[in-house]
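The chain below stands alone and is given in structure tokens; this is the form predicted alone.
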């Protein structure tokens, strides 16, 4: 199964990167969005404290905008790491959602440790169990971080699945895909936990696998369980950006381009072009007062006078 695991790993990495790129490009090709006008905007340096914006300023278009990256980080970091919004609006869901998401962050750090360990090994530093110095510290930290991430993710996936089954509000909006995604996570991390306990307690084999991926020096696995684990992990990696779980990176655009997108349109040819394209979109809303037929565009609908169906101006 060794060669299968390598083929799946390389294919999964290509699919993952390709899917992420395709998602971002698909978003970039979408029509210009309508500004939400939601306040506070996090990058407003001082006005965010009271929910204001630069439009409050007299002659705002003549002044330089103050954009605070620190202000954005103050909002984004608690939201990303701690799911602050879920805690504030749905505490009962937070108790199962937080372990799942934080477990994924821990596993991302675990992957980083494995890659760093593989790089140290490539540099000639022994990464075998019992090593001292930096290598020993890396092995010790990796041996803690990995199982913690597996357990948190497993607990969260199981909790979210039960929550969807038992909460009628969530159950009504849960598809087969939602349950399949959680089941795939649960199976993958459960197999990883069992492999860690029985086959690879210090992740020496996994670190060697990462090293062989980076150097193309393939090794044969002694354990079919380890190969199964790696196949599941990389299948999951390729699968994530193909589903709604792609929100883990697409949320950046939701926050920056839509929720906080308040850049003024002052002699911006690109923005004018995109607005023109959006206004040229056909409208097919069913509301009678819109008089949309799927052929009229937004300009025609907005300029339509229901009191003068023939389009003539009142005398």
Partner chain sequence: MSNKFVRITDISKDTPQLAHVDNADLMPLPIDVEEPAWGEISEATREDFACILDDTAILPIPKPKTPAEQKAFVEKFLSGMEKLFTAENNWTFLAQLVTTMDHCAKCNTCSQACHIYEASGENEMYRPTYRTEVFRRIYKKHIKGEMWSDWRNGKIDLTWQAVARLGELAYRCNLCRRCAQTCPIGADNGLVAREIRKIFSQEMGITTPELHKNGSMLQLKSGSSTNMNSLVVKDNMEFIDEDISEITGYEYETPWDVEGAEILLIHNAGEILAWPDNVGAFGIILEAAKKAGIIRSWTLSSDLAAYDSINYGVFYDDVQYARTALLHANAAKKLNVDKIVLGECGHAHKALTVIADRVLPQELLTPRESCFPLLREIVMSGKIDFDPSRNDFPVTIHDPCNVTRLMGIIKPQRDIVKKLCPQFREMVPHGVHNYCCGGGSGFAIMTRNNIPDWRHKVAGRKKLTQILDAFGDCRGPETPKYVCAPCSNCKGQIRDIFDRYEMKEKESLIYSGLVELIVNAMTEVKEGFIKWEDEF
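Predicted model only: the values in this text are computed from it and were never measured. Between two forms, the rigid core is defined as the largest C-alpha subset superposing within 1.5 Å. Positions refer to the first chain, counted from 1.
The following text describes the form predicted in complex with its partner chain, which does not appear among the structures shown.
J.: Heavy atoms within 4.5 Å of its partner chain in the predicted complex: which stretch among 138 to 146, 168 to 176, 212 to 220, 108 to 116?
T.: Flagged stretch: 168 to 176.
J.: Going by a heavy atom distance of 4.5 Å, is residue 79 a contact of its partner chain in the predicted complex?
T.: Contact check for residue 79: yes, within 4.5 Å of its partner chain in the predicted complex.
J.: Under a 4.5 Å heavy atom criterion, is residue 303 part of the interface with its partner chain in the predicted complex?
T.: Yes, residue 303 sits close enough to its partner chain in the predicted complex that at least one of its heavy atoms falls within 4.5 Å.
J.: With heavy atoms only and a cut-off of 4.5 Å, decide whether residue 32 touches its partner chain in the predicted complex.
T.: Within the cut-off, so yes.
J.: I'd like to check something about residue 289: if you look in the predicted complex, is any of its heavy atoms closer than or equal to 4.5 Å to a heavy atom of its partner chain?
T.: Residue 289: yes, in contact with its partner chain in the predicted complex.
J.: From the list 155, 86, 236, 191, which entry has a heavy atom within 4.5 Å of its partner chain in the predicted complex?
T.: Going through each option in turn, the one that passes is 86.
J.: Relative to its partner chain in the predicted complex, which residues of 45 to 61 have a heavy atom no more than 4.5 Å away?
T.: Stretch hits, in order: 50, 51, 52, 53, 55, 56, 57, 58, 59, 60, 61.
J.: Does the C-alpha of residue 298 move 2 Å or more between the shown form and the other one once the rigid core is lined up?
T.: Yes.
J.: Quick check on residue 33: with the core superposed, does its CA move 2 angstroms or more between the shown form and the other one?
T.: Residue 33: C-alpha displaced by 2 Å or more between the shown form and the other one.
J.: After superposing the rigid core, is the C-alpha displacement of residue 283 2 Å or more between the shown form and the other one?
T.: Superposed on the core, residue 283 moves its C-alpha 2 Å or more between the shown form and the other one.
J.: Versus the form shown, are the CA atoms of residue 23 and residue 37 closer or farther apart in the predicted complex, given a shift of 3 angstroms or more?
T.: Residue 23 and residue 37 sit closer together in the predicted complex.
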